[in-house]
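To begin, one chain is listed below as structure tokens, in the form predicted on its own.
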């Protein structure tokens, strides 16, 4: 019996662990280190309509158990992705999530229509990247445009669409806009905007000055966001991510309400870490005589003394 098996939109998923968008590119190098087919799912690096060269260097700073990055959605565009990468990704026997980013509703619609016939499962709209001057998090400041992006994207496909948000002060409002316009789920959370200064020069280290903070220290914010959205939207599928470095982190996000668990920055430090998390989560569940779905949203049960 597979204690880790879970279901989403009537689709069986072998385990809840997916690779978050970004740190592992589009998995070509990662596939030489681990068996991608053992994962519950993979999320591509965010793809845009046109190629993007990204931000100027320096654009990555190492932190303790984390990173500060300002990559700026560097990618070769949707046409290159279709010509060179989608076929390889189709061959993986796991959930395939395509992350896309754009400036307006037409960009998202264009990309979805181009790849919708391929063997992919979900889309993730990157609405919260803090490292671009247009699109990304700037979309969240224009509710009318945000609504159009979500509505137009959802009308372009029958596949589920997840919306990726960060640690937003009006997160409940944004999720409500998403659900109203047809989104199937949300991904929580993206990196948080941050900054690091070189104390020898007094200047910001990143060329763009600010970047996205990821790593173990954002886990409490991720747990908070997942918990409060689960409280408001009891049946909305949530992909939880942010500071997952071991099975205890993953279980905490699941108990807050996450249906799937994304692993990102930790993979850059140890590409095999996800296998350890999968193995240790299965051991934990076995020791409690539970399966993964038993623990999802466990922290929302109205009792003060439950014991797993």
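Keep in mind that this is a model prediction, so the values were computed, not measured. Positions refer to the first chain, counted from 1.
A second form of this protein, the form predicted together with another copy of the chain, is not displayed here; the remarks below concern that form.
Legend entry - another copy of the chain contact in the predicted complex: residue 168, any heavy atom under 4.5 Å: Residue 168: yes, in contact with another copy of the chain in the predicted complex.
Inset, instruction - Look up in the predicted complex whether residue 196 has a non-hydrogen atom within 4.5 angstroms of another copy of the chain, and give yes or no. - result: Residue 196: contacts another copy of the chain in the predicted complex.
Inset, instruction - Answer for residue 248 alone: is it within 4.5 Å of another copy of the chain in the predicted complex, judged on heavy atom distances? - result: Close contact exists here: in the predicted complex, residue 248 approaches another copy of the chain to within 4.5 Å, heavy atoms only.
Inset, instruction - Answer yes if any heavy atom of residue 230 is within 4.5 Å of a heavy atom of another copy of the chain in the predicted complex; otherwise answer no. - result: So residue 230 does not count as contacting another copy of the chain.
Legend entry - Single option in 111, 192, 150, 86 placed near another copy of the chain in the predicted complex, where near means a heavy atom within 4.5 Å: Only one option qualifies, and that one is 192.
Inset, instruction - Quick one: find which of 200 to 208, 111 to 119, 97 to 105, 155 to 163 has residues within 4.5 Å of another copy of the chain in the predicted complex by heavy atom distance. - result: The contacting stretch is 200 to 208.
Inset, instruction - Please state whether all three residues 48, 80 and 124 have a non-hydrogen atom within 4.5 angstroms of another copy of the chain in the predicted complex. - result: No, none of the three is in contact.
Legend entry - Stretch 32 to 70: residues contacting another copy of the chain in the predicted complex, 4.5 Å heavy atom cut-off: Stretch hits, in order: 63, 64, 65.
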